[in-house]
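Take a look at this single chain in structure tokens; it is the form predicted alone.
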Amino acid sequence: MRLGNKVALITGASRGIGEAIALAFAGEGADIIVNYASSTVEAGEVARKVKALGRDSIAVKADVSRRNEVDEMVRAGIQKFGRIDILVNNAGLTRRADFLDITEDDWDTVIDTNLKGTFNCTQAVVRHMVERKSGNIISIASIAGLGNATEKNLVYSVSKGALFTFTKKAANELGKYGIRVNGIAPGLTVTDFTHRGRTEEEFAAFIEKKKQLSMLGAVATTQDIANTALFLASSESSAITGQVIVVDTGTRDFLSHAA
């Protein structure tokens, strides 16, 4: 078991990439704290799936942008399991709009969840990791954060770009405590959100277009991202910190690739 008897807190774990990471970690021996903001039923189902894999799990509701809720979530996790070994900052959202149409609420909502939420969760968990001189932080960024030219995606791109700097600076400051900090930057990854607002024909055309931009002629799956997270969470990556791994099936035309 690559994560035998570890405890992992995964934010935004009720679906998509977060769910895939939760199940991958559980399959390798970790107990899972399933964070969610509103999807109570879905989060409970993920916790059930984790238990079906022979590991323990609790679902904890918390808005990562609110520090008091994050602190309560971390307390609940430690009360249940005694510690948190791994944190995966996965919770995120976007608000698509042309530059001149971006509102202050758009900006605050996206930055508060994607960036402030990552800081809130990391600092809250790290306070306990420091005491144990051990820990592992993984944040889900995006290739949008590398400055791609996707339209109507500015705030999301800015929030994810900041995670590249956050990862390197946090790794530099926390290494002395035996805490590793890394990230993953997915390209287009097929989730239920990819289908949302598209007919089956539109979805198929969208995916085909993205495949044409890929060196592998493919798009990533949630399992691809989960496999990378599993590597970063395990001892196999014990010499890696301060890095963000791009998982995008090899982008040919970076400036036109949507994340």
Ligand code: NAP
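Definition used throughout: the rigid core is the maximal C-alpha set that superposes within 1.5 Å between two forms. It should be emphasised that the depicted structure is a prediction, and the values quoted were computed from it without experimental measurement. Residue positions are given as counts along the sequence shown, with the first one as 1.
Note that the form predicted in complex with the ligand isn't included here; everything after this is about it.
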| item | value |
| --- | --- |
| Stretch in contact in the predicted bound form with the ligand, which is absent here, among 171-179, 78-86, 99-107, 134-142 (heavy atoms within 4.5 Å) | 134-142 |
| Proximity of Thr249 to the ligand in the predicted bound form, heavy atoms at 4.5 Å | no |
| Contact flag, Ile17 vs the ligand in the predicted bound form, heavy atom cut 4.5 Å | yes |
| 4.5 Å heavy atom contact, Glu45 to the ligand in the predicted bound form | no |
| Leu232 within 4.5 Å of the ligand in the predicted bound form, heavy atoms | no |
| Heavy atom within 4.5 Å of the ligand in the predicted bound form - the one residue of Thr199, Asn227, Asn68, Ser38 that qualifies | Ser38 |
| Answer option from Leu115, Val155, Val125, Ala91, heavy atom within 4.5 Å of the ligand in the predicted bound form | Ala91 |
| Partner contacts for 204-229, taking the ligand in the predicted bound form and a 4.5 Å heavy atom cut-off | none |
| Cα displacement of Phe203 between the shown form and the other one reaching 2 Å, rigid core superposed | yes |
